[in-house]
Ligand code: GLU
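In structure tokens, one chain follows: the form predicted alone.
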Amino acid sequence: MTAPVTRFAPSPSGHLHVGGARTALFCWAFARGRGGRFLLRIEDTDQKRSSGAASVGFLKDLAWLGIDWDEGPEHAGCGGGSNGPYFQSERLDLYGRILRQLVDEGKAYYAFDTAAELESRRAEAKAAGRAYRYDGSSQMALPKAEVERRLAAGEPAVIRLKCPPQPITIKDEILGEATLPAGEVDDFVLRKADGFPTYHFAVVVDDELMGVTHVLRAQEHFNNTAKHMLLQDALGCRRPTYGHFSIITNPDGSKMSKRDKDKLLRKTVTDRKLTAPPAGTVPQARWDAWLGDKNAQLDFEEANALADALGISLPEINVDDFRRSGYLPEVICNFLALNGWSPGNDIEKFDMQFMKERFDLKRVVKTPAKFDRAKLLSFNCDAITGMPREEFVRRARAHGTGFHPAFMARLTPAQFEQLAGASHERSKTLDEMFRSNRFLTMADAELAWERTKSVEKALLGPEPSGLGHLKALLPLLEAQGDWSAPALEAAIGAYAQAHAEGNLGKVAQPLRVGVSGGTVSPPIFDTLAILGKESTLARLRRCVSAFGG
């Protein structure tokens, strides 16, 4: 077999979905493992759905995952090549020449049907209980002079392929062989009325000119393959090898969709009976429009800002969601590979090099893959706790700088390193350290204590109560000179030995509640050292006062 050429060709309509990331990963591994090339192409001819910002986001997501491309848009050391441009919107002149050639050869034709006329025919077919098939005979019968006159007058028209009434057999390397009967594919549109090519036309032209040998893509495109094969025949193009991957679903079988985020936001807003957006999240007009239309969705930044204000975590759907949540890129790739492919021999943990060496279409499964978030989190936890301490600190610092700049600004480098070191063995994600330790960077006067059973158990009760221990510890801590974790451990440990029957927990838990507002924090002596003497004492005094001390 000649060295394969695969491609990933997303439409930049938003952030890269994990399903798209898996497709890119499989295409990358198939080509690279066989000495071939992997191309990246941006299919941005749908003007309503495409955006330049989304294109850049796609490039960043792929680069973060470690999926580099040989040809395509230039980004982070990837891309370039002699088959560009790699944005379809920059290839319109090329598409126009090929379209004119098809029309001149009688293989395609202009069609002037209006949207109302097409809808009327569809309704008529539905009422008659038959499938709608476009009939272009009246458009093909138009004299050339009339076509040119109408075009010159600016009358909207599309260009359709003249599809021969013949059966079409699709040979798929994953799904097997399927034959569509003659007449199943009607004369489909190659160029829209706005002058932009359709997906079907541009993808066939680009795959041919860019030398793509294997079209590996999502199963949702399987039915498009017949159209692409007919167009390839009309253009005199070769037919690449096809393979279609099954979809990725939620554990309950539902589609993983960004609407999952919207559903959770709406439910939370409804449950809390909010009529106005929390400050700094969504403009009031956008809020009203969103709540007034169940099909409307907030944009990425608005949704995340609202979720933060509501104190909820949105389900991760896109690659950037998982990045923000503190998952490691190598873990995401490992896990995505297992969602639809198996290396065999019960192997589950592997790296990208392993993928290149072992990936094969024969072991790609046909059934939908269920995205097990608990298993992904377990994978991520194993990877984090298994890495060297200095690497965790480095990665945590980079994550904090990118997604928690205010948190980072409140800690000195030494404080951060101490926090990261204390959090390493307890962290399932890179983000967990920041989310669970917000109390470290808030102003002392802003700290509040939730009156939960666990908090009251730690502070109140029969003497000597936790609150009593805090009162007794205050003068001891005020006199403490060395505020390092070991020195604090020695001093507080001696107190516990003398006043809590040697049970350090009876002293440590009230201290934890006093300085953090809750019952969870890094090891207490690290926590006190990171906070510093002044903040520790201020918080303990406020806690004693708040609980009636």
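The structure displayed is predicted, hence computed values, not measured ones. Residues carry their position along the shown sequence, with the first being 1.
Omitted here: the form predicted in complex with ligand GLU. The next part is about that form.
Residue R217 is the only one of R323, H469, R217, K227 with a heavy atom lying within 4.5 Å of ligand GLU in the model of the complex. In summary, among the residues V282, A458, A396, V203, the only one with a non-hydrogen atom within 4.5 Å of ligand GLU in the model of the complex is V203.
Ligand GLU in the model of the complex comes within 4.5 Å of a heavy atom belonging to H221.
When ligand GLU is considered in the model of the complex, Y199 lines it closely, a heavy atom lying within 4.5 Å. Though the partner is left out of this view, A9 does reach within 4.5 Å of ligand GLU in the model of the complex, counting heavy atoms only. At the 4.5 Å threshold, heavy atoms of E489 stay clear of ligand GLU in the model of the complex, well away from it.
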